[in-house]
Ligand code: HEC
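Just one chain follows, in the form predicted on its own, and it is written as structure tokens.
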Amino acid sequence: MNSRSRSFLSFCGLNISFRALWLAAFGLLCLISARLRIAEARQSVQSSQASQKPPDHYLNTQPGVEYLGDEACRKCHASIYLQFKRTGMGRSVSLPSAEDLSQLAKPVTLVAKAAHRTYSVYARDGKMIHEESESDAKGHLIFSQSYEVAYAVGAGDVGKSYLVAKGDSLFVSPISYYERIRGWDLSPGYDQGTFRGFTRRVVDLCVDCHTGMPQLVAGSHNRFQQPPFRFLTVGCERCHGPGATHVRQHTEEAATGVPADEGPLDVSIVNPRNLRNEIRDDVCAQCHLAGDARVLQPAKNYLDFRPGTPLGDVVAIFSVPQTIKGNHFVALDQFEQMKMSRCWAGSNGRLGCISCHDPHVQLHGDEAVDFFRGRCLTCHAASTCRAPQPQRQATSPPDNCISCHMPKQPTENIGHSSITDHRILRTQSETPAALQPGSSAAVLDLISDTKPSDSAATQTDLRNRALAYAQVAGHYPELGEKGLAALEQAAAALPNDAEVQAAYGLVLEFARPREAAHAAQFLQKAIDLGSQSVEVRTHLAALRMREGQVTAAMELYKQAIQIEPYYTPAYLDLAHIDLLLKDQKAALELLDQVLKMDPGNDAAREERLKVAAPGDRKKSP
């Protein structure tokens, strides 16, 4: 699923069987062992925090330290490696398997009535194929397009989405498999009509968090080197940092018999349990805190983050106050929910994701319930539960803390799925403090969820906050006026920042239509400063057309096409200019290019039918 479509945190625990008395006794022993292990781990962490100051520097946090991949970890950590590979993170992306293909012995057909499209999934020559088609009212085929599935995204616990390749670009298929319905339906984004055809680009959080290490072509937004991912799945180094220094030191130690002088803690590799609370949480937040706006720091990309360093040095994450958003549940919202809980507030920051989750292993069913109940009981006593005994015994299994205090809630941005409510409410009717009148979150301002090392960089904070407002203002009108003011201030204070100039120009174009010429100045400045945005170029091109600068507009559209060859809006707008210039041949060539890339593009097809001579209409792709 996409950058906001999937939660990876996995469960851990033991296999317990109750089919016979001696197995019951053995299960009890395992449960006791698990409780002891939990308590021991908790005491160990507390002892470590009490007796050892977490190191301020790890050797593998430097940008030049190389990532090696999971196989390098397997040599010494085989057991953990095998367990992790069975978790959701360890199965985050895959190639279509023989098992996938075996389920397609009978082709799958999905009719999306609202979109007037039919989708098929079938196997051909050992490959999984996704096909989209449309027919008219008489049943005559209008178009059909099919693609071989390149990658399956997701472990399958909730479902899977699929990626197809067009040249060196990757796109999300319009249809996904959902485990809850054990069937197929439209993919996120396609289900609401935001995207049509195989046109949703794989960008940012989708590949950065679902794959091991994407290899984008420098300066591009959706073009990949081959192979597109250096490591296929999320791996050990995502949480522990690059492993080259650690492997080298321990290899030398084994060869020479001389132990590395590493002190009380091994600083050649990050162990999140030994990190300061806020740095510890950043390890999980890199993917599990989507926020409402994410702004990369200047000259940074997501792969610059190193566990053991502040996430805020790479990306500034902002949230809209809960009093504006209300009670909504979306994927990758758990981190924000946890910080609304009494448990987190009462822990003074000690409670974090790994207080309850062990990302190395995954549990299901009663085993998961027993394990997480044990986690609750490390801080709470069963005797303090206020629920009547019959109610507690009515859960399956009995005394299921999670079912009452952290029930599943349906997500709003991913169909047929739900997430665990991490607000940890005493009762489901309780109103979280963040939603109560008079709370600090009631202020109509964005909440900063990450902090960089240099918190005194006021200009950087101004920049990030302004760009964040640009991302959210369209969804939350309450923030529109404040966002425009922030962008105006940032544009004046940071005249050489291409992103700020671009964002201000784009927002100004819509917020103050009468100032179109002013908006065009900022968009042009962004391009002059090096912006590679195709959106900036197409918006500026439209403004240039309104000014009568046809040649300048055409050049901008051509630049957009060169930067992103599958960006169809630029082709369509350029075709319209050709028609205004009476160059029908050039317009038809552009429209045919669009229909070759995206046969289901209704706008291109309708325009071609209007333009083409009767004898040429049959030649339309």
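Superpose the two forms; the largest set of C-alphas matching within 1.5 Å is the rigid core. For every residue, the number given is its place in the sequence shown, counted from 1. Predicted model, so just to flag it, every value in this text is computed and none were measured.
FYI, the form predicted together with this ligand isn't displayed, but the following is about it.
*asked:* Within 4.5 Å, heavy atoms only, one stretch in 507-515, 100-108, 523-531, 373-381 touches this ligand in the predicted complex. Which?
replied: Of the options given, it is 373-381.
*this ligand isn't shown here, but in the predicted complex which of P228, G197, P321, P359 has a heavy atom within 4.5 Å of it?*
By the 4.5 Å heavy-atom cutoff, the listed residue in contact is P359.
_So this ligand isn't shown here. In the predicted complex, which residue out of T538, T309, N222, N274 has a non-hydrogen atom within 4.5 Å of it?_
It is N274.
*Contact between R342 and this ligand in the predicted complex at 4.5 Å, heavy atoms?*
Yes, contact at 4.5 Å.
_At 4.5 Å between heavy atoms, is T458 in contact with this ligand in the predicted complex?_
Although this ligand is absent here, T458 would stay clear of it in the predicted complex, with no heavy atoms inside 4.5 Å.
*Within a 4.5 Å heavy atom cut-off, is G346 in contact with this ligand in the predicted complex?*
G346 belongs to the contact set for this ligand.
*State yes or no: in the predicted complex, is some non-hydrogen atom of G156 no more than 4.5 angstroms from a non-hydrogen atom of this ligand?*
Yes.
*Quick one: in the predicted complex, does every one of V295, L444 and A542 get a heavy atom within 4.5 Å of this ligand?*
Not a single residue of the candidate spot has a heavy atom within 4.5 Å of this ligand in the predicted complex.
*Can you tell me which bits of 78-107 touch this ligand in the predicted complex, meaning any heavy atom within 4.5 Å?*
Sequence-ordered list: I80, Y81, F84, T87, G88, M89, S92.
*Determine, after fitting the two forms on their core, whether S102 shows a C-alpha shift of 2 Å or more between this form and the one not shown.*
Moves: no, less than 2 Å.
*2 Å or more on the CA of A394 between this form and the one not shown, with the rigid core superposed, yes or no?*
After core superposition, the displacement of the A394 C-alpha between this form and the one not shown reaches the 2 Å mark, so yes.
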